[in-house]
Every structure is written in C-alpha cells, then in structure tokens.
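Have a look below at one chain only, the form predicted on its own, in structure tokens format.
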C-alpha cells in the first residue's frame, strides 16, 4: 500500500512507521523539519494546501500523525495548534478527496474524553474537551467524521494514551518511565492499529482507544479495539513495576 504519514520525523512518527516498514509498504513521510529516512520524504508545512496536495498525489492512504509542538507555551494561544492540528488536518482530507484517497487514519487523543468522569469510558464517546490542545483534537475528529460521511472515506480516529518507546522506556521528552501506567502506549502499537484499520475494507468511520497495557482493557474500552481489529498490544509494559496502591 502507498501510505503518506505526516509528522513522520517526530517521536510518534518514527515509531509509528515500523509496522508499515515490516510489512513492506511504500511510504512517503512528511514533516515540517528535515529528517533522514530510507523512504521518500517531503519537507513542508501541513498548513500549506499546495504542499499537502503534492504530498498526497499518488497515495492510497494517509496517516495524520502531525501535532503542533508542546514547546514555548505554544498551546497558550490558538494560532499554532489550530494552524497545524486543525487547518493541517482539513488540508489533508481535502487532498484525500481530490486525489481519490479513500482510507485515512487520524491520531487523536484521550483528551477528547476528558469531560467524562465515569470509571469506564466507551471508545465512541462524542468528542468534547477544553484548552487549545484538547479543542484542536476535537476539531480533528469532527473534520474526520464530516469527510467520512460526505465523501465516503473510510476513517479511523485513534484515541491514543501516553506515548512511550517501550524499548528505551522513555517518553517524547526523553524522560525515563520506571512504572507502568494504564495509559502507556507504545508508538509501534499505534502504528500497528493504524495499519490494521487501513487493511480493512468493511469499516467506515470508527473511533478506537489505543493503549498498550492490560489495565486499559476495561476502563478505556481497549478490548473493543482488540476485538474489532483482531489485535493484541505487542508492547504491554509488563517489564515495568506497577506503582503501589494501584
């Protein structure tokens, strides 16, 4: 499959591509900053429609994994998160329509479920949040659902937990993870769920929670993802201790 992956040079993107590489897919990787890869790369801003149109040309699927950086108080103001997360997502869906691409995965966040205080959270809760980060992820899901319905695109919104590299036990900031938390999510597991959805021809618009730990199975409805996609987390963080009183 020919797959365009945005945000591919970042912490999430560099792990997310692994399952696609292992399967031998033809990848085109996009990011706003230069990065090295054995795959075809596109350096450009997702907020620029012309650049996005060129990046999507000839592709069969898109994985939208870009995100405005959480640095320099970027989420204190609407400009950057909405330009990148929201405008960039709308550009990519528009490019998908114009290029005849019928499969898209959006990397969303559990932040769109923050408003619900239930102990058990259904995977398909309507998105609602607060703060510019959470609102931008809500907008991403709303754009995704709108395009799925209007243009018959098969779309998955993956509501991912706390993204970690399970080999090095570090998060995107390089901080060491020494204890297992329910929301821990290996970036390669996210890529595998994206790949499994793109392989399906019978799914239309779906929301999935994606975590890697057994503790997420019931509270975060991870079991739905596992059953629906015939998937089992590969990096369950069983090698990390569970904090006391948990």
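Positions refer to the first chain, counted from 1. It should be emphasised that the depicted structure is a prediction, and the values quoted were computed from it without experimental measurement.
Keep in mind that the form predicted in complex with a small molecule is missing from the display, and what follows is about it.
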Answer range among 108 to 116, 122 to 130, 143 to 151, 94 to 102 for contact with the small molecule, defined in the model of the complex as heavy atoms within 4.5 Å
108 to 116
Does at least one non-hydrogen atom of residue 11 fall within 4.5 angstroms of the small molecule in the model of the complex?
yes
Given that the small molecule is not shown alongside this chain, does residue 32 nevertheless sit within 4.5 Å of it in the model of the complex, heavy atom to heavy atom?
yes
Contact of residue 166 with the small molecule in the model of the complex (heavy atom, 4.5 Å)
no
Would you please decide whether residue 69 lies within 4.5 angstroms of the small molecule in the model of the complex, comparing each non-hydrogen atom pair?
yes
Just give me the single entry in 65, 216, 56, 193 that has a non-hydrogen atom within 4.5 angstroms of the small molecule in the model of the complex.
65
